[in-house]
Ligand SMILES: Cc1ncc(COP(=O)(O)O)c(C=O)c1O
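Before any questions on how it binds or moves, here is one chain, the form predicted alone, in structure tokens.
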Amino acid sequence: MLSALRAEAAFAPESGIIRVMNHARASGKPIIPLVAGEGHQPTPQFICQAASDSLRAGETFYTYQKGLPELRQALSDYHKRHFDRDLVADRFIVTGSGMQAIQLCIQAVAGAGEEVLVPTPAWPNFAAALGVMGAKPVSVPMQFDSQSWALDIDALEAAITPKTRALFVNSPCNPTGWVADADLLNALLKFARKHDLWIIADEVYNRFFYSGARAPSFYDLMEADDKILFVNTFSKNWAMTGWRVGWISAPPALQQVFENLVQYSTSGVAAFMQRAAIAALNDGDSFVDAQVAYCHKGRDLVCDALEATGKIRLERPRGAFYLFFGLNDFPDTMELGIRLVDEVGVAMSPGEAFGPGGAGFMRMCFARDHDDLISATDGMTSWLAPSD
């Protein structure tokens, strides 16, 4: 039966994240869930109310493929507030999740047999989405020197071939929490210009930055004609993971291209969900600030506890809401993820799920209830103790 399918679909890789998540669900016992990339808070009421009001008003019909004009303007206003850029509403295309935003950008820039450079460790869905499209993800492992993660421009140069079409940049990074500073972003932009590459910029965690109001961004450096496609989502900032609403920010000349791609995939995002997104953008800054502050405390809590064991190597993440840590005695973290569910009652993501650069590491989401984080790190500390 499988042989009758396209090979790219039939052999799309199983997610290591979902494998551990499913094992935890099937265990039948209480598990502290630190595996998925989401917090514990439900969507705020003011966002839900906007969706409810829209439904009661009868907004249940087909709507704009590019997104409601009011939402696209709200995105323009949001970027003016946080990036001090006058970006016209025509830059923004509303998508059915950040994942769909990534898929549409891949469809636009990389086809069968073409290549995209992907610094790893990286969220596995990007490489998998490339593979399903028939394109090739080219992993460029980042370096970890026991204190910090680093991306080497020379390694990117060495990975270039005549088939290279784009560079994927996720900063702040899922899973490592690495953040590209302004100098590195500038170097990456020069690299892309030199090789005439598209940059797909995943800045989903831009507000989750622990040294200022937001992380450095390609918005700070780009010129109008730069080939940069930004992908983003409402999932993280506004606790809307289950809503599946995202956006693309692209040069206005491409809006018809992306409208067409939306039309031939989902034909648009439900109007009531877009009304919720408008409320999030217009009225949700204080909620985001509170979430970031909460995650900052969670980061320090788990880092302090695990560093004290003396058995874990890590960089205290500068952004996002994940701790990516290594245990020297456990090189196979796929097996380790299953063991931690069974023996400690904690679910975390194995580093191998994030590409070659993630071998030997585990990802812990710290955007969770602080009592759960304390219980999880206490359990980890006790579990590690017998090897003393």
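The first residue of the shown sequence is 1; numbering continues from there. Note that the coordinates shown come from a computational prediction; the quantities given were computed from them, not determined experimentally.
What follows is about the form predicted in complex with the ligand, which we do not show.
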Taking 4.5 angstroms as the heavy atom distance cut-off, pick the stretch from 154-162, 204-212, 136-144, 259-267 that is near the ligand in the model of the complex.
204-212
Is it true that 299, 375 and 377 each have at least one non-hydrogen atom within 4.5 Å of the ligand in the model of the complex?
no
Are any of the heavy atoms in residue 149 no more than 4.5 Å from a heavy atom of the ligand in the model of the complex?
no
Decide whether residue 222 counts as a contact residue for the ligand in the model of the complex under a heavy atom distance cut-off of 4.5 Å.
no
Residue 102, heavy atom within 4.5 angstroms of the ligand in the model of the complex:
yes
Considering non-hydrogen atoms and a 4.5 Å limit, does the ligand approach residue 318 in the model of the complex?
no
Candidate from 249, 217, 97, 120 lying within 4.5 Å of the ligand in the model of the complex - any heavy atom:
97
Looking at 311, 227, 85, 244, which is the one with a non-hydrogen atom within 4.5 Å of the ligand in the model of the complex?
244
Select from 210-240 the residues with a non-hydrogen atom within 4.5 Å of the ligand in the model of the complex and write them out in sequence order.
233, 235, 236
